[in-house]
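Only one chain is shown below, in structure tokens, and it's the form predicted on its own.
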Amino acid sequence: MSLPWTPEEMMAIAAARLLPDGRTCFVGIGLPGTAANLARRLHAPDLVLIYESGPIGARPPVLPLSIGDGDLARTADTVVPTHEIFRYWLQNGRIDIGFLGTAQIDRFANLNTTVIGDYRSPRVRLPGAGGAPEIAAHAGETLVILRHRRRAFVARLDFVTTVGYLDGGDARERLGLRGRGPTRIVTDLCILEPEPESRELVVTSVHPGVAREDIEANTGWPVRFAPAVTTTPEPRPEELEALRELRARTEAAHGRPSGE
């Protein structure tokens, strides 16, 4: 079935809808930044975007190239030192939502952004942790966005960079982590959420045009579906227009959409 949008557009729009107006969001570069900046343009003009480099309330006209992009500081309400972002804002519970991307995720929403393969001799060395472990530990809740591929949704992580729910159950609470942890995982196929008791990720919403078999084939464990799975609402014309306009301006400014 041919759809008037791409899976990547569905993913960005589905993630943007999860960001409410007036909240504070610690946002990463790439896919999280696309969704967060889209949300601010559509339904959440007072969403406060906070970046690891220190900008608070950034309103970049195009998607930033990195956390050091000058547009972030130029358009922010204020800029503070990085240690203040983490110590005063994040660790003191002033961040409502942490928004992360990742290279690998397991069934309990633990994340890997360090290496693919053996740590001492990896096949691929990834960008590393950055602030992700602290964000997932202290933000009120964490959203994760990534493309749904078997090599990304793995039965066992090559390296645990960022704790989700460890081995499930109350492991996160026993570790003493302040935030609720990952509450929704948005992919180009579906949305997953942790089951309340086991904390295992289950599919709660399937994107239009996607079959359950597609999700099963692209997940490295026997993925389960919630008892009442919904269909993700289709992108509205104004959502697609805003996303495409944002990407077009970014491409004109930088040569390609940042982090895509």
Partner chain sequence: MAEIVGLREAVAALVRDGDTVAMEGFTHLIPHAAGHEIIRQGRRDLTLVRMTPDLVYDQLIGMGCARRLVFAWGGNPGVGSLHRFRDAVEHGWPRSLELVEHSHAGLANAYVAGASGLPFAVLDGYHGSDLPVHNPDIRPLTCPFTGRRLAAVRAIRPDVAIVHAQRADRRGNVHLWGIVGVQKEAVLAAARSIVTVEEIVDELDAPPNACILPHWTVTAVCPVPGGAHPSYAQGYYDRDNGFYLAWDGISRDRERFRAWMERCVLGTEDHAGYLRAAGITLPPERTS
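Residue numbers count along the first chain shown, from 1. Please read these numbers as outputs of a predicted model, since none were measured by experiment.
Another form exists, predicted together with its partner chain; not displayed. Remarks below refer to it.
Enquirer: For this chain shown on its own, do G93, D167 and D170 all sit within 4.5 Å of its partner chain in the predicted bound form, going by heavy atoms?
Expert: Not one of the three qualifies.
Enquirer: I need to confirm a contact call. Of V48, V206, V62, V223, which residue comes within 4.5 Å of its partner chain in the predicted bound form, counting heavy atoms only?
Expert: Checking each option against its partner chain in the predicted bound form, the one that comes within 4.5 Å is V62.
Enquirer: Can you pick the one in V210, I67, A44, I191 that has a heavy atom within 4.5 Å of its partner chain in the predicted bound form?
Expert: After the contact test, the surviving option is I67.
Enquirer: Name the stretch: of 180 to 188, 132 to 140, 95 to 103, 145 to 153, exactly one has residues whose heavy atoms fall within 4.5 Å of its partner chain in the predicted bound form.
Expert: Going through the listed ranges, the match is 132 to 140.
Enquirer: Although its partner chain is absent from this view, report whether G255 comes within 4.5 Å of it in the predicted bound form, heavy atoms only.
Expert: Contact check for G255: yes, within 4.5 Å of its partner chain in the predicted bound form.
Enquirer: Given that the partner is absent here, does W89 sit within 4.5 Å of its partner chain in the predicted bound form, heavy atoms only?
Expert: Because no heavy atom of W89 falls inside 4.5 Å of its partner chain in the predicted bound form, the answer is no.
Enquirer: Does its partner chain come within 4.5 Å of any heavy atom of I215 in the predicted bound form?
Expert: Although its partner chain is absent here, I215 would stay clear of it in the predicted bound form, with no heavy atoms inside 4.5 Å.
Enquirer: In the predicted bound form, is there a heavy atom of its partner chain that lies within 4.5 Å of any heavy atom of E52, even though the partner is absent here?
Expert: E52: contacts its partner chain in the predicted bound form.
Enquirer: Just to make sure I understand: among 179 to 218, which residues lie within 4.5 Å of its partner chain in the predicted bound form, judging by heavy atoms?
Expert: Result: empty, none.
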